[in-house]
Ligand SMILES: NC(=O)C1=CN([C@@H]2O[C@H](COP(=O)(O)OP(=O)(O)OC[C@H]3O[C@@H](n4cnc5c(N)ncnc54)[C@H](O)[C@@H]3O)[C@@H](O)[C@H]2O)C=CC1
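Here's a solo chain for you in structure tokens, the form predicted on its own.
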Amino acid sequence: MTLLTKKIVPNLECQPERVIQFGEGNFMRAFVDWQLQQMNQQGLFNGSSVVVQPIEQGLKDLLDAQDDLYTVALQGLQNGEVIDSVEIMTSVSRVINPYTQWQAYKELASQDDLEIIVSNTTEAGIAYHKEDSLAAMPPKSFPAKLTVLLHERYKLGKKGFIIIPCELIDRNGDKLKEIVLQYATDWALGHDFVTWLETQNTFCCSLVDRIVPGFPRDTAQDFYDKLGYEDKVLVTAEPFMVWVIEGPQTIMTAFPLQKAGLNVIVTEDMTPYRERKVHLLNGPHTAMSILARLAGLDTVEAVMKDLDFRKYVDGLFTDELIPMIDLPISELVVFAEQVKERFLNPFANHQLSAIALNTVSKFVARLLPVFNQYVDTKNALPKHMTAALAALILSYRGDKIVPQDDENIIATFNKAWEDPETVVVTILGNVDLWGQDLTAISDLVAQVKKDIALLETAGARVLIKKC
């Protein structure tokens, strides 16, 4: 079968390079580059991305073999309709591997059309490596590579960039800027360069959301038969996407994502939107994964199609999560309905066992802040989250579900379960697990004991019905 190349895309128009993109993985190609394509199709951007491979081994060779073309397949539900579409992406101009093309990388600093820098180098990518130096070709870390590029830009007397990292860490733009400034100090790049960094560049924090399963290994041949060509870097993604960018509204002049009708929010404070995602998307995932597995369910879609568990999820959203988030209720209700639709994605096959990895830390990050706020606000226990907490403690006993977590955490639960009479007090009182003593919450110990007893005698389905 013919490989996807420019021969398959007639009259391909080359767009000027306007974006530097660190990261050539599935997510960035199905998220940022897909959005560039949508803007270009509407005549709003007229630009492409030049992609920098952040580590030595990557997808450059595969993309080069396809003239940097690839297919995005959107699969899922949107506004009640099944979406199953494919589109060839033409928004990547080329891929640079700085480990073999260091000079080509540095020369990006001279291109006046380049205005925007985006990145996704994994959560570990925005990190400081003391060993990195200005003389390295290239330095190891992404922030060090970026500092070199910015310094080259400064030396040429050119304007700075709008810099929008997409790594999934809190305050990613602030953290990236902090490390770049540290390298500027370490490498003695001078006060004038630091001033240029501060005044001529805009570092934005951002929050990204789109589920991108990636290359469809199990069904690749079916796709090839449907497309009529082979695409070794084809990427599947859900239709839903949102990009929250914390920064000035003026960045949309250079980067007109909103004008293209894309679900992009520019705000002075992204905190409520981060809470919205963590608590309204990730939180229900964590709660359902604990309880539904005890009831014998195995996927998110199965949970949402189960009448009892659907009522539990609806109640968790309506009664406990939405009232605790500082955004307009109407906006949160719309987002919650979008999340439920995403949970029903028939293409995703999202396994609860995968969501349940490291459940304790996920409960702490995704549910415990809302739990505490609910208790403080309502002076009562949130029934749905309390049931999930009880199920968590029972599941870590290991006889009903095999927990997947840090060995020290599993050892803590094993030790506590040696005395079933005191296990609830022991676990809830463990500050190392929760960051606080949960036994101090009025009535929580007693309710968790009742819920565990009901789980043991009647099962998870009966417990969630009581919620």
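In this text, all values refer to a predicted model and were calculated from it rather than measured experimentally. Throughout, we count residues from 1 along the sequence that is shown.
One more form of this protein should be noted, the form predicted in complex with the named molecule, which is absent from this view; the next part is about it.
### Task
Check each of 425, 409, 401, 55 and return the one that places a heavy atom within 4.5 angstroms of the named molecule in the model of the complex.
Looking at 425, 409, 401, 55 one by one, just 55 meets the 4.5 Å heavy-atom criterion.
### Query
Exactly one of 26, 35, 48, 66 has a non-hydrogen atom within 4.5 Å of the named molecule in the model of the complex; which residue is it?
None of the others qualify; the residue that does is 26.
### Query
Is there a non-hydrogen atom of residue 329 within 4.5 angstroms of a non-hydrogen atom of the named molecule in the model of the complex?
No, no contact at 4.5 Å.
### Task
Look up in the model of the complex whether residue 274 has a non-hydrogen atom within 4.5 angstroms of the named molecule, and give yes or no.
No.
### Message
Would you classify residue 124 as touching the named molecule in the model of the complex, given a 4.5 Å non-hydrogen atom cut-off?
### Response
Contact check for residue 124: yes, within 4.5 Å of the named molecule in the model of the complex.
### Message
If we define contact as a non-hydrogen atom of the residue within 4.5 angstroms of the partner, is residue 156 a contact of the named molecule in the model of the complex?
### Response
No, no contact at 4.5 Å.
### Query
Picking from 384-392, 265-273, 206-214, 85-93, which part of the chain touches the named molecule in the model of the complex when contact means heavy atoms within 4.5 Å?
Checking each option against the 4.5 Å cut-off leaves 206-214.
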